[in-house]
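First, one chain by itself: the form predicted alone, in structure tokens.
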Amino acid sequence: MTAHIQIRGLSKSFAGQILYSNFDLDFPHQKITSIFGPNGCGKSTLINMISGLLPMDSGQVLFDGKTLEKTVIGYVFQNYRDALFPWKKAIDNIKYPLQIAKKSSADIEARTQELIQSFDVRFDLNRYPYELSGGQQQLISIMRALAPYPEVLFLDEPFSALDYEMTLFMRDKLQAIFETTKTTMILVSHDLDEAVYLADHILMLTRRPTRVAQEIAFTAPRPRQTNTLTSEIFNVVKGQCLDIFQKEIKVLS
């Protein structure tokens, strides 16, 4: 697998406690990578540093050899209520990154309609975020992140606050978008079933100071459906991940 994101020499400490030290890692191109590991190992911190939301103490991140400033990224936050602009209508939240990129009105309208059709949106997008359900708000967050055709899409526990029905819907939609666009996606999840189910590539992290315990491929065919969760290949890969995770937990105890 060719590398899309290359991390070299990344270091980060908090209050004198080392989280990452001279950390190197490659994320594959046009794959969904799930990041999984013990609480406090820095999963969200890692993608926040890669995406430029949090500064590194030292190190370099390149996207196909380019810097972050020359790369189009999207980010879906766990806390959608804080991520959306409450003073903007839902449809204006979706359009915002296109407006920032100074796209023409015609291009903005065309891309917005494309997303609306793709996600089969049937609720009123002229309402404000606080007038929508949690699932609808997170759907708007995902549409906004996808609006500028990102080269890399970061997802920080994007479904953790959703009910089960909406989670299943959003997983299917995310897969459909990936199959269409082949956008490189980096997913942080605390749900091992979800982390394996959605991924092509699972990154298992250790306790801090954090390193890579193992990288595991999941090659189940797409589109993945409910029966994937009971397939032999799923149970084998999930078992491998669980063994690694439990070893880290034992070290912590």
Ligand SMILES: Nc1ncnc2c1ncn2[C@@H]1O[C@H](COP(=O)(O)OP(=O)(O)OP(=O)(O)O)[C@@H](O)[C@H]1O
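Here the structure is a predicted model, which is why all the values come from computation and not from measurement. Counting begins at 1, following the sequence as shown.
If you look for the form predicted in complex with the ligand, you will not find it shown, but the lines that follow are about it.
At least one heavy atom of residue 39 is located within 4.5 Å of the ligand in the model of the complex. When contacts are judged by a 4.5 Å heavy atom cut-off, residue 241 does not count as touching the ligand in the model of the complex. Using a 4.5 Å cutoff between non-hydrogen atoms, residue 208 counts as a contact of the ligand in the model of the complex.
Heavy atoms of residue 184 never reach within 4.5 Å of the ligand in the model of the complex, leaving it off the interface. Annotated contact segment (heavy atom within 4.5 Å of the ligand in the model of the complex): 39-47, selected among 217-225, 39-47, 25-33, 57-65. Not one of 92, 96 and 177 places a heavy atom within 4.5 Å of the ligand in the model of the complex.
Although the ligand is not shown here, in the model of the complex the stretch 112-148 places no heavy atom of any residue within 4.5 Å of it.
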